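In structure tokens, the next block holds one chain alone, the form predicted on its own.
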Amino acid sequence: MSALEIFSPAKLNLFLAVTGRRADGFHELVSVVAPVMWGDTLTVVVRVENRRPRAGRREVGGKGRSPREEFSLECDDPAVPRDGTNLVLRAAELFRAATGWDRGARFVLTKRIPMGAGLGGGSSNGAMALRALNRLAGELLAPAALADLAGRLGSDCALFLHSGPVVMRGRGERVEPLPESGAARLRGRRVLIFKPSFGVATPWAYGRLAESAPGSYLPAPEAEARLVAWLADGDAVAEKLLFNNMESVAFAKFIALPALLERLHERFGVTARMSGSGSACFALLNADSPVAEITAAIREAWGASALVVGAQLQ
């Protein structure tokens, strides 16, 4: 196999409790995250003819190809960086360093997940690049090793190697499946994802959260207690899980976010929250939710350029 097309899903933070800041500058969190059945598409084509010279061999002129020459990225969104800052290319370099795989690859990314949305688009792309390369290379890494590599790539990357709702801890690198008692209440649930024309920079959001500490953090024992209580109550609906203490930071600056969420709740009775550090939000839908009317209300508030897409939780 020399080529592979892989789906790269977006994610939603259904429960996000940032519990404190670590000495290394990262934040600790407890979060329930679900990938959704909507996202990007990543195609990977192995460059069989551009193999790096093996030890003891030299190319004409005495120079081997650099890794960056052997890995390239194309994307239909001109705003997406195509250099070494992109997590797809960083994932490729990490994979090579971990396995010694000596072939290059061309990545073609069809982008749907917007940047600055809190939907994990870049992290998903990086994780799927790792998964695709591992498959194309003949499964050189076992699942645990691949997950470890994803955790080194980025805080949100490892979660995308799971196919359903997970609980993230630490800075996001510690991931485990959500117990089935909770996952069954989430899996397949219809959601409406919507994002205004502006984004929210994640470093800014976490920086502002740290500035307003300690009152902005939710203590870890309280976060864990909330999650345990929801899991233990078999009758608790998904809406009772929803929480995000990063909303206080984003809502204080971008008042269009809370204004719309309050309006949707008042007019349609839907429970809506922000995902991650924003600016994308989501609403859990019921069978009788008036999706067309909700969509119209979102576009009325945020304009025709707002992203509005329906999806299901994986």
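This structure is a prediction, so every number in the text was calculated from the model and none was measured. We number the residues from 1 along the sequence you see.
Beyond what is shown, the protein has a form predicted in complex with cytidine-5'-monophosphate (C5P); the following relates to that form.
Among heavy atoms of F254, none comes within 4.5 Å of cytidine-5'-monophosphate (C5P) in the model of the complex. Contact annotation: T202 falls within 4.5 Å of cytidine-5'-monophosphate (C5P) in the model of the complex, judged by heavy atom distances. In the model of the complex, cytidine-5'-monophosphate (C5P) sits beyond 4.5 Å of every heavy atom of L42. Among heavy atoms of Y206, some come within 4.5 Å of cytidine-5'-monophosphate (C5P) in the model of the complex. Between the options L29, V249, M274, A34, the residue in contact with cytidine-5'-monophosphate (C5P) in the model of the complex by a heavy atom within 4.5 angstroms is L29. Here is the short version: of R190, K240, R171, R112, the single residue with a heavy atom within 4.5 Å of cytidine-5'-monophosphate (C5P) in the model of the complex is R171. Here the chain stands by itself, but in the model of the complex one stretch of 182 to 190, 134 to 142, 152 to 160, 228 to 236, 152 to 160, has heavy atoms within 4.5 Å of cytidine-5'-monophosphate (C5P).
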